[in-house]
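Okay, so we've got the same protein chain twice, two forms, each given alone as structure tokens, structure 1 and structure 2.
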Structure 1
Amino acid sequence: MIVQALAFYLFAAIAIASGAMVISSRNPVHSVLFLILAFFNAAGLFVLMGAEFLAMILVVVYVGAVAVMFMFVVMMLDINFAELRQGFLRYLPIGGLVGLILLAELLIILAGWQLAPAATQSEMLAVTPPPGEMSNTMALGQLIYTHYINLFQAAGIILLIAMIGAIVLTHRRRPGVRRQDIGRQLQRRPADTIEVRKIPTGKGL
């Protein structure tokens, strides 16, 4: 029990520190690296809670795909981050207002849990199987593909539309951009691309 408590405090402290460094680092590459560290520690917290499937999904999907994609995008794009930081004070009031609204919503949710705990417990007991009867992965699959199948399919359709939109935007015709013509490349002959010249000894081009 003591080991689990120490592991919880260790993972939680590193996750909070990593989250703070994500938004405070000046280098965007360092921010992405701290984000990956926060994901790993969140996965460790899931393991301590007995949700090993969620921990695996967090590492495989977010660390292996999303964070790596962020890293490549940040390293490939030529973004002037100094110019972006200049407008920080201009948008600070709007950002502060949005932050206060989110904080108020969180406080309302926490107050609802404290004032009416029976309302949330009854809903959880209706869909959550008793512990010990099935594994965490089986219980999660049963909830997703039975009670929340419509929402799951809707999320899949939204992701499919987003993927198709990204492909259409990437492959649109743009003036002045050279595109690859595979058929023309395959029809190319060696005589059209290779030229053999005999250069006398001691003389260059």
Structure 2
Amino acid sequence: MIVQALAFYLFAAIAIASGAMVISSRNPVHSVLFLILAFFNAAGLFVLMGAEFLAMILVVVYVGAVAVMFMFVVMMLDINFAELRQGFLRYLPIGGLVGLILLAELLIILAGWQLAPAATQSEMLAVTPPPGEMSNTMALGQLIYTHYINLFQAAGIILLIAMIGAIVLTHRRRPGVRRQDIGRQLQRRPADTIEVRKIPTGKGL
């Protein structure tokens, strides 16, 4: 137990510290690296809670794919980040407001959970398999593909639309670019492209 508590405080402290570094470090690439560290520690917290599947998916999806894209954007785009920082005080009230709203919502949920656990849990308990009976990969799969199938499908369709939208927005067909068409290359036969002629000695073609 004491090791778990120590590990929790370690992960939580590093996650909060790196979260603070994300917004305070001068170099945007350092910000992304600290963001990755924060994701990683969040995955550690998931493991401590016994949600190993979520932890691994968090690392695979967020650290392995999403953060790489962040990194690409930050490294490739030529943004003057010093200039972006100029408006810090101007945006502070809006940012603070958003933070406050999120905090209030979290507090409401937690308070409701503490005061009336039955009200929030009756819905969930009806479908959630009891913990310890099956691994959480299987439990998640059973929930997603039975009780939440419509939401799951809707999420998939939204992602598909987003993907197609991104392709439509960025795809352009430039004329005059020579492309490799492997099918055509493989279909070429010697008879189509070369012609062997017998050239008599001493005469040209």
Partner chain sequence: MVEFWSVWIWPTVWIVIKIVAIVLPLLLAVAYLTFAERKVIAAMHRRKGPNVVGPFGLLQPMADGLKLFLKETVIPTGANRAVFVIAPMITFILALVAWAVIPFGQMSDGTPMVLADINVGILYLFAISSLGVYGIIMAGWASNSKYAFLGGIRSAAQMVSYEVSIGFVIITVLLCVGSLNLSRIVEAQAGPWGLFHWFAFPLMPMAVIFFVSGLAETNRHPFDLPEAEAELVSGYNVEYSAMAFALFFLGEYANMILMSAMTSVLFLGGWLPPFNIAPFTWIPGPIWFILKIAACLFVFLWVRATLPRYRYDQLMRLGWKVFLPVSLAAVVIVAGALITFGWMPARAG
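Residue numbering: structure 1 sequence, from 1. For the two forms, the rigid core is made up of the largest set of C-alpha atoms that agree within 1.5 Å on superposition. This structure is a prediction, so every number in the text was calculated from the model and none was measured.
Between the two chain copies, the one drawn from the form predicted alone is structure 1. Core-aligned CA deviation for residue 182 between the two structures: 2 Å or greater.
After superposition on the rigid core, the Cα atom of residue 194 is displaced by 2 Å or more between the two structures. Fit the two forms on the rigid core and the C-alpha of residue 99 turns out 3.3 Å off between the two structures.
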